[in-house]
Structure formats: C-alpha cells, structure tokens
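Before any questions on how it binds or moves, here is one chain, the form predicted on its own, in structure tokens.
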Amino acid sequence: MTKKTILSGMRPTGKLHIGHYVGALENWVKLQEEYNNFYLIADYHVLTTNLNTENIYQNSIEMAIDWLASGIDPNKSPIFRQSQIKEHAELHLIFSMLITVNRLERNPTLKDQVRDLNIENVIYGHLGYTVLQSADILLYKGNLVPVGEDQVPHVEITRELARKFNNHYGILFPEPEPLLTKFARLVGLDGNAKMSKSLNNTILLSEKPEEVKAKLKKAVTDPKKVRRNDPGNPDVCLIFSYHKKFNPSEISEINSGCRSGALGCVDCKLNCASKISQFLEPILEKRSHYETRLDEVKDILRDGENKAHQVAKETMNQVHEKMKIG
C-alpha cells in the first residue's frame, strides 16, 4: 500500500530547545516510520515577521543539525530549505489568485500573532503566509498535516485552495486532512507558559549537563514552598512537569515527597537536571558528530533539496498542464 505524504516544517531560529523536541520533533521521528515525510526549513516564512536575513543560513544549519541529532533520517525523509525550491514561490503566487483578502483576515491565528507580537501594520506577506503554507504542503501533494487543534484553520485554508484549483482547472491536488496531535508544551524556566529563546527561559538540545544544572537551579518552583521541609504543591511546579516527561518512573515518589515536605526543591532540581541530561546525552553525541562534519550536513541539505526539487518540478509541470500555461 502506498504511504501517505506529510510535509512538516519549522522556521529556522537556530539551535532548538527541549520544548521543540517535546512539541514537534519527537512526533516527527515517529511519523517518518509510517509516512512519506518531507521536512521543510521554512526560511521564507521568517520574513513574514522579521526582515533581517543575516542569520538565516547559519540558523538553518543549526536547526538541521538538531533535527538530525534528534533522529530525523534524511534517507527516509528529505530535509531541505524552502528558498532553494523556487516552485514554492510559483505555486504560492498562483494560489494567491484563488483566495480573497477577507478570507485571510478571518484567520484566527493571524489575529493572535498580530496581538502577541504587537504588530501595528500587517505586511502583505504576513497576511498571506497561510497561502505560502498551503503551497508548501500541496507542492508535495501532502495528504495529512500534523497539527494541534489551534492550527486546524490553516489546514482548512489549504483544503479550500486545493478544492478551488481542482474545481477550476481539473483534479490535481489532494484535500489534506489534519492529523490531530496533542502537542505537549513545556513551561519555560521562568514559569512562562511558553518556552522561548526570546524569553531566555529554555534548555537547548545542545546544552551540556553543567549548563542544564545551572539553568534548573534558577528555575521557579512552588512559591509557597520556601524552606526544605515546607509541604509543596507539585501541580504548580514547572520542575514537576519536567519530571513527568523526563523522569516518569519516579513521579509517584516525587509527588508524595514534595507534598509531605520530605523532598527539598534543590534535590528535586538536581535530580531533574540529571534526568534531562541523560535524555540529551545521545542527542549531544550525534550533534558533536555533525558539528565537526558540517560538509556532511550541507551534503544532506543538497541531497534533500534535489529530491524535493524533483517532486516540486513534476507537480508544477502538472499545474502548468492543467492551467494550459506550460
């Protein structure tokens, strides 16, 4: 039976943190066993909120290294930069003729971004970023899109564009379905609901044990547990949430120890740091391999871009034929 196709991607922001792993990468690694996957370094998408391109290439390399170190297999799943496959831009242009401004303005995620980033004037590219996402997905005839519930509106726009093209020019694109995934979100070290490098509240996948330990020592815990023997509430402690992911075998013991006051925050943090570092150890080992062999990483990108281009070129040939403009 032919495997279904998935395209997944991230904006290149440099080295990734454990929140990226828990929220996406872990799932990606599993999906590549069951589906045909394409992994997109979405460097064009960076421009929708930041016109500075100085670090995009280096950030792309760093992110690719983290993908590889986390278990993405380029032999199964091509890794490539969006900007190197010009067909993304062409299909985006064609799709932009098939959707209205009013439809794009109704995108709830856009409204959230404008609010969260305090954007006063939305640029044309930001307004239409979901159209570019649709081109990213449909260029490889993606059947499924792994998303959380908040991202379903993006998939619906992609489905609408596929349907409109198919109805107007002839059947070509699948209408991709959302592959609903309950993406875990790790709380930031400062207690912020979001782990983000811009907030300086992350643990990077590339950090060594001493760095992890130093960061966790400063992490916020239950504010009512002031002294070692004070009873605590693990339900409001971010360290406990980390234990759930990286130290599940000791959850019951940690929970009771915290509530009784027998377990102090310092010891709890040191234990958590140790478990996170044990988890990161194989990633660090693989990362060290690629950091000292950057030519290998660049070759992987070139190979992925060649594979992606073959698929993208064939799709655009079919688009031209359907539209009678080829």
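Keep in mind that this is a model prediction, so the values were computed, not measured. Note that residue numbering follows the sequence shown and begins at 1.
One more form of this protein should be noted, the form predicted together with tryptophan, which is absent from this view; the next part is about it.
For the options Q133, S206, N143, T221, the one in contact with tryptophan in the predicted complex, meaning a heavy atom within 4.5 Å, is Q133.
Annotated contact segment (heavy atom within 4.5 Å of tryptophan in the predicted complex): 125 to 133, selected among 207 to 215, 67 to 75, 170 to 178, 125 to 133. Among heavy atoms of N233, none comes within 4.5 Å of tryptophan in the predicted complex. In the predicted complex, tryptophan lies farther than 4.5 Å from every heavy atom of I251. With a 4.5 Å cutoff on heavy atoms, L301 does not count as touching tryptophan in the predicted complex; it lies far away. Contact check for M10: a non-hydrogen atom falls within 4.5 Å of tryptophan in the predicted complex.
Taking a 4.5 Å heavy atom cutoff to tryptophan in the predicted complex, the contacting residues in 39 to 55 are L40, A42, H45.
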